[in-house]
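The data below hold one chain only, encoded as structure tokens and taken in the form predicted on its own.
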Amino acid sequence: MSSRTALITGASRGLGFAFATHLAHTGWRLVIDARTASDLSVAAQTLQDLADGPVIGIDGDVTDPEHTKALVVAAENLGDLKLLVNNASTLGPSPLPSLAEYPLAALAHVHDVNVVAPLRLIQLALPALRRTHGTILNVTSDAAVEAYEGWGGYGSSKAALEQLSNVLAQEEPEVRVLWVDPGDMNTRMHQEAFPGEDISDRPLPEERITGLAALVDSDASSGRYTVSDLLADARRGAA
């Protein structure tokens, strides 16, 4: 198990950090990124204290081609890249604007972060992932398939990511492509979507990892999954 390498974006907090923690506990070598160097340094050191193998943190913006190239080079240097997790996302303007008032420059940035950047990273990582018959996990949202007022910018970017994933799964038979809706969580991004509201009733990211980890470790085929369904399946299996 210690021979496997995972590359996770947006891993200094939230779901990315929770999933990286699980992987560190189970012997994976890690390459992680985040935009803020200080946050990433703390996260990387915490993960390194848990991990048997190396944890490499590289701070930067996923929209920067040189940064994404550095991430893939670091993962390839560790060897056996088996898992790419496109977790980094941006919500866009907050409070969430209607589409009639959505700033178009902001919409372009949301799609650059949530769609173009993941594809760029996928393109760079595909040669290594083909060799290992690895997995691409793209983190999506129910906003990709449901119509929520104010969520047009973010939701349209996640819908684009889902269709990108769907087509990629057909084009790359040697690589498993998963797009996963983790559900509402008590995270900074979710708080930004609901400024001033109490979101303490939402589950913590750590509570969603069991389902996510089970999916990655399973032989499930490429496709769209929700963590709520995965957790329900796990509970039924335990019963």
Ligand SMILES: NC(=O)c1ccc[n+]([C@@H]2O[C@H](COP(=O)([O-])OP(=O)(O)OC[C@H]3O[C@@H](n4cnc5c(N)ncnc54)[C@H](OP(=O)(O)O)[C@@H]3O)[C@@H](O)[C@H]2O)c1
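Start at 1 and count along the sequence shown; that's the residue number. Since this is a predicted model, take the numbers as computed values, not measurements.
Below: the form predicted in complex with this ligand, not depicted.
*Asks:* Flag residue 189 as yes or no: does it have a non-hydrogen atom within 4.5 angstroms of any non-hydrogen atom of this ligand in the model of the complex?
*Replies:* Although this ligand is absent here, residue 189 would touch it in the model of the complex, with heavy atoms inside 4.5 Å.
*Asks:* In the model of the complex, does residue 30 have a heavy atom within 4.5 Å of this ligand?
*Replies:* No, residue 30 is distant from the partner.
*Asks:* Can you work out whether residue 23 and this ligand are in contact in the model of the complex, taking contact to mean some heavy atom pair no more than 4.5 Å apart?
*Replies:* Flag for residue 23 set to no.
*Asks:* Report yes if any heavy atom of residue 184 sits within 4.5 Å of a heavy atom of this ligand in the model of the complex; otherwise report no.
*Replies:* Yes, residue 184 lies within 4.5 Å of this ligand in the model of the complex.
*Asks:* Quick check for you: of 162-170, 73-81, 135-143, 96-104, which stretch puts a non-hydrogen atom within 4.5 Å of this ligand in the model of the complex?
*Replies:* Residues of 135-143 come within 4.5 Å of the partner.
*Asks:* Taking this ligand in the model of the complex, which residues of 23-57 have any heavy atom within 4.5 Å of it?
*Replies:* Sequence-ordered list: 33, 34, 35, 36.
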